[in-house]
Ligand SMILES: Nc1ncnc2c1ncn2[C@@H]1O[C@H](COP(=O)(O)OP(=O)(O)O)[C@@H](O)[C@H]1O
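Heads up, the chain below is alone and in the form predicted alone; it's given as C-alpha cells.
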Amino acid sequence: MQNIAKLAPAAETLPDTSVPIVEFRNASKSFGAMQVLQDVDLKIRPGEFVCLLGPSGCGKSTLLNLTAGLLQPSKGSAHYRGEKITGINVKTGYMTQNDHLLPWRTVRRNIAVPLELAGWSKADTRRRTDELLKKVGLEAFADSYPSQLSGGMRKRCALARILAYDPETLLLDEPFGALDAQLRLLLQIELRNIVRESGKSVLFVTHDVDEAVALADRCVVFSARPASVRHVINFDLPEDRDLKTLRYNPKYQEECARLWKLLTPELDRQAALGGKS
C-alpha cells in the first residue's frame, strides 16, 4: 500500500538530470495510409515547460499519446529517461480539453480516483486530497458535484486529479482552450506556479501563440501534416514572469511576433492544401 511519505525518492535514487526526460528519435506515426508524424527528433529536459504549436490536426496530440504510451511509433522510437516507451507510461499525467470528471462523484472523490486505483489507504487518500484541494483553491467545494461547478472549477478539479499520484511529467492537450480569457489567465498562473514549485516537466499543446510565449521555456513549431519539427525556440523571458502584466513587456511582444512569423508559413501551407493537412 502506497504511503504519501514515499512519494519523494531518496537522494541516492534521484534520476540523472543529464538524460532527457522525453526523447523522440526519428519518430513517425501513420494511421493506415495517413501519415501524421514524420521523422520527429526532439529532446525535452527534466523540469522544462515546452509548448507544442502548429496547424490544427498536424499531430501534436499524437506526440502526447506516444509519450503516454497510448500509441507506438510506426517508425523510430519514443523514450522516457533513456528507456524506450513500450507500454503505458505511468510517470505521466494526461489532461485534455475535456475534463472527463465523473458526474456521480464529488470533487474530493474525483481527485481520489487514481489514488484508489493505486490502492492507497483511506487515511492517506484523505490527506492527499486535502492537500490538493487547498493547492487548487477548491477546499470549499470538496463535497460539490461537477454539475455544481463553474468551468474554471472543473478544470482545477481535473488538474488536481492528475497531480494526485505525483506524475513526473504533465501532458496537457489544450486544457484551457474552452475557457474565457480571464479564467484562462487565472488557470495559467496557477499551473505555472504549481509547476515551478514541484519541478515537473510539461508538454503543453496549444494553438494560442500568446499562451505559448507566456507559459513556456521553449516552444516547438511543427509543420502542417505530416508533422515534423520546423523550429525550436527558447524564450528570453524571466522564469518568475508575472503573467498578469506580461503582455505589456516589450520582450514578450517581440517573442510573440517572432513566433507568429515562424508559424505563418505552416498555416499558409495548410490553407493551400484546403485545410486537409
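In this text, residue numbers run from 1 along the sequence as written. Source: prediction; values computed, not measured.
In what follows, reference is made to the form predicted in complex with the ligand, a form of this protein that is not presented.
**Student:** Pick the stretch from 56-64, 212-220, 240-248, 42-50 whose residues have a heavy atom within 4.5 Å of the ligand in the predicted bound form.
**Tutor:** Going by heavy atoms within 4.5 Å, the stretch is 56-64.
**Student:** Answer with yes or no whether residue 224 is in contact with the ligand in the predicted bound form, where contact means some heavy atom within 4.5 Å.
**Tutor:** Contact with the ligand, no.
**Student:** Contact between residue 34 and the ligand in the predicted bound form at 4.5 Å, heavy atoms?
**Tutor:** Judged by the heavy-atom cut-off of 4.5 Å, residue 34 is in contact with the ligand in the predicted bound form.
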